[in-house]
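Next comes just one chain, in structure tokens: the form predicted on its own.
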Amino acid sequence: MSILNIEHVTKKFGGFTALNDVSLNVEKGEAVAIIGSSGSGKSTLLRCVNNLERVTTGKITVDGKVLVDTVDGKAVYPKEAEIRTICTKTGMVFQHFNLFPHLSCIDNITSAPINVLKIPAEQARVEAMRLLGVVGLTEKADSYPAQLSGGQKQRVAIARALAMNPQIMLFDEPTSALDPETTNEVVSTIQKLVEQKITMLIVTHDMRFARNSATRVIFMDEGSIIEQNTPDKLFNHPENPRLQAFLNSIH
């Protein structure tokens, strides 16, 4: 069953077309990696899924709820309250963590469940401690972001996104701001989520991660999906010349 349906999405910034007629379905339990050079539209696609950017035309459905559809050539969104409800079905992990610096780790994780989902504070704290265990940071519950390494901050950000119990996790270059050692911490955390069959859409420049962790890999170029396949087939037997050139350029 598809958790995410993207149909013929186009996104323009003035005269520049960032996304050009993109269609993609993500099934429950899939970990889909999106690769491609800078400016290929990867992050823009992710940002359209959780309403950080609005599409020019096309349709996006998240867990059966229509976030945007196109009527008479114009993108139409539901009321703001419904958009917010739909966006709680997605959990976003950013490149630069975006933790609240004035809150401890556990308060960063419990803030949205308490204030948005209206979960009782004690229940939210119990779940937050469980999630800190999942990301291997139980002992950092009362630490502040400034006291953490980059890898630890990103793992707290993952726990924070999971605390909203989303239907799909969105990762925007989750390791690109990290050094190699802390990258491994974050990758192993995400691999745990893959094993738990948590649905994920991951924009990444880390080919080793895409090859080893994703169930499907998508290659984007110039705002379009050029090729998609299993990691083995896409990396070892690329069909499209643009994908072949991209893979050659990163070796």
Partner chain sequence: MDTAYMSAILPSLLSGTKLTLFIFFATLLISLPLGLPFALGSISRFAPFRVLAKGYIWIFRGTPLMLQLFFVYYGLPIMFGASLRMTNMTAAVVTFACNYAAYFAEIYRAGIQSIDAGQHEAAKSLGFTSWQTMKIIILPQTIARVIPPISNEVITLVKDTALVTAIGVGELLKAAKDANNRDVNPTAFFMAAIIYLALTFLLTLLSQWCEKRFSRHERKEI
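Positions refer to the first chain, counted from 1. Not measured: the values here are computed from a predicted model.
Not pictured, yet referred to below: the form predicted together with its partner chain.
Participant: Which pick from I106, A75, A177, M164 sits with a heavy atom within 4.5 Å of its partner chain in the predicted complex?
Facilitator: Looking at the other structure, the residue within range turns out to be M164.
Participant: Since only the chain is shown here, I'm wondering whether L52 would be in contact with its partner chain in the predicted complex (any heavy atom pair within 4.5 Å).
Facilitator: Looking in the predicted complex, residue contacts with its partner chain include L52, since a heavy atom lies within 4.5 Å.
Participant: Since only the chain is shown here, I'm wondering whether V116 would be in contact with its partner chain in the predicted complex (any heavy atom pair within 4.5 Å).
Facilitator: Answer yes; at least one heavy atom of V116 falls within 4.5 Å of its partner chain in the predicted complex.
Participant: Can any non-hydrogen atom of S111 be found within 4.5 angstroms of its partner chain in the predicted complex?
Facilitator: Because a heavy atom of S111 falls inside 4.5 Å of its partner chain in the predicted complex, the answer is yes.
Participant: Applying a 4.5 Å heavy atom distance criterion, does T88 contact its partner chain in the predicted complex?
Facilitator: It does: once its partner chain is placed as it appears in the predicted complex, T88 has a heavy atom within 4.5 Å of it.
Participant: Heavy atoms within 4.5 Å of its partner chain in the predicted complex: which of the stretches 122-130, 144-152, 177-185, 67-75 has them?
Facilitator: Going by heavy atoms within 4.5 Å, the stretch is 144-152.
Participant: Of 206-230, which residues get within 4.5 Å of its partner chain in the predicted complex if you count heavy atoms?
Facilitator: Residues within 4.5 Å: none.
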